[in-house]
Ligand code: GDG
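The data below hold one chain only, encoded as structure tokens and taken in the form predicted alone.
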């Protein structure tokens, strides 16, 4: 990449959030998370641009008065908002993105709502994003598109005759062919993904699933026989074009969590929580409210643990934190009710005057409060039914500075591909198996806990979010693949 080139990040959300106050004024807040932390220095060094929705629904184009406020909140790089109206939010975001792709890619086909109006809106909004990119990208710039909401952006840019190198990273799992084939727009989605120069997935299994779908759905695709086994970067050829496919497990800013775990206020808070339960061991669950996270299964497993091992009554305590999410969607409201019923049932059966087995919190904690919880609890209980990676597992390990904790992890979380040797892996559908895993974790000798956690922390430290970022960018620019024919010169893909 030439030194004068810039980098353009495209994601559904900006790292800034627009909010309207009660008196009608617009305020700008800063987003959080590892992606923002990792991207900011790169964008600053490259005089880059971040394109995305600022989280504010507006029926018309953005008010010019908002732009200075947004830009002043960014730190050393440009931001370009893509505004969504209420209909687009309903059909593109809540509809196609979260009522089709999200359940489909997480193997919950029974929750998919395949409506043509969702697909139409998804195409229009992806084109809307692409237009903003097109207006802000010079020919030599590298464009990096993120996640399932924006799969079509690369294809739309090619239609606009943009010949830039364009990368795409999928932050959620990619499903196997038997699942993906149920989508009425399977051919269109795959074809669009093949317009990128580099495709990134979390795990080798996601990469294999994607290649398996290519073989069944796209004709004339040439795939190296070793591609499905290669955990690095493979090439797929379509005529005179090459698409690179790589495995890049995303991570966290290890040092940020590690240093905050040493903070005196965090230590004080953790000590207070521990003093409230001096003779118990604490099991911790941290999840967003979502049917993919396996929260009811966890609660049932803890209930069975208390049933099978009554000697742990009054000696075990389960803290389940659930972050609010998409409560306006019926499935999520129903899930919240189910969780509350299970918590009530467990506490009703086993609770006593001086012992509450389950402490349930339905709210979002700030970073310091969360890290205090990580430091307090002996066991992290993370059992999604399906997850792209699960960064909570990595956060827990980074904060476990005394290296006495134990990680119980679903084998269906992407993080299991890295942690399989030292976490206790469980099948979240096996309630009894999870109950026995809790018992094993509680009884694990200190020396074994130390060694396992030390190994887990080393993985997170060595392959942090900056390693992930550098790995993707290196794969994107190490080979010059910027010479593309114009969109109207493409030979159209033919479905099988």
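Numbering follows the first chain given and starts at 1. What you see is a predicted model; the values in this text were computed from it and never measured.
The following text describes the form predicted in complex with the ligand, which does not appear among the structures shown.
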query: Which single stretch, out of 110-118, 187-195, 300-308, 358-366, brings residue heavy atoms within 4.5 Å of the ligand in the predicted complex?
result: 358-366
- line: As a check of understanding, the residue in 223, 329, 183, 321 with any heavy atom within 4.5 Å of the ligand in the predicted complex should be identified as 321
- line: Answer key, the ligand contact in the predicted complex at 4.5 Å (heavy atoms) among 387, 156, 141, 206: the residue is 387
query: Looking at the ligand in the predicted complex, do all three of 171, 288 and 374 come within 4.5 Å of it through at least one heavy atom?
result: yes
message: Taking any heavy atom pair closer than or equal to 4.5 Å as contact, tell me whether residue 370 reaches the ligand in the predicted complex.
response: yes
task: Could you confirm whether residue 392 comes within 4.5 Å of the ligand in the predicted complex, counting heavy atoms only?
output: yes
message: in the predicted complex, does residue 102 come within 4.5 Å of the ligand, counting heavy atoms only?
response: yes
- prompt: Going by a heavy atom distance of 4.5 Å, is residue 250 a contact of the ligand in the predicted complex?
  reply: yes
